[in-house]
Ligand code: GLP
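Before any questions on binding or motion, here is one chain by itself as structure tokens, the form predicted on its own.
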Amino acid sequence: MSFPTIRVFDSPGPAVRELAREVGELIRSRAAVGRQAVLGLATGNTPRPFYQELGRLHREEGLSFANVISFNLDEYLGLADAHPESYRSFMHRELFEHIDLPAQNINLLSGSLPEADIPAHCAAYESSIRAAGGLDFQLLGIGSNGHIGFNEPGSSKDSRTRLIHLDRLTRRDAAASFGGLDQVPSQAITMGCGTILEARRIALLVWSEKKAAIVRDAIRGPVTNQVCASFLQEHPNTEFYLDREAAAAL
């Protein structure tokens, strides 16, 4: 077994330009035969330059997203849709407002549902992914504890979209954005590892030396549910896009 592929770049710029070009080719090739491209999208600081590059391709090179369906990975529970730290707000601010992706093709998990409604919401999300033909491409980052999406340590490889309690390390990492640890939600809804691993193509981006050790564990360590990103070792079409700082421990 020789996957995943590891790509190391001097900086995020060349990495996101190459990946955005690939995604653009996927979108255009599907449009040419009257098909839709199904993209799984992530949030956080890491994918921001990638979304900026997609916006540039749309604005300057005419890349249309009219044939794209998107599904987001996760969402905090208990935040209003308009909360500035909600992932719904993030996606509109960072990407959707800058491209021509039809509103009806955007699929986002809701963090404002009553807890009793969450299982049905998660089941419907899984059904929507299947109805779209599955994910052609899934974008990922990695948490300090090795999570992908919000699949915290202990998540099973075949897990599905569900409610999850956030690890203290995850909440601590988000504390600055929320103005303190006590303001960070303690729960979230996330696509499961099994959902993610069914994507036909996966790209995981990392730009920080702070993540170098967990990147090493994910790529070189044992496949374990204590580092959910390690499940990607067994996915046949995954690439890690790293800057030199993130690759320092490999």
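Numbering starts at 1 and follows the sequence shown. What you see is a predicted model; the values in this text were computed from it and never measured.
Omitted here: the form predicted in complex with this ligand. The next part is about that form.
Residues placing heavy atoms within 4.5 Å of this ligand in the predicted complex fall in a single listed stretch, namely 138-146, out of 138-146, 104-112, 122-130, 78-86. Of the residues Pro49, Gly194, Gly221, Gly44, just one reaches this ligand in the predicted complex with a heavy atom at 4.5 Å or closer; this is Gly44. Heavy atoms closer than or equal to 4.5 Å to this ligand in the predicted complex belong, across 56-89, to the residues Leu73, Asp74, Tyr87, ordered by sequence position.
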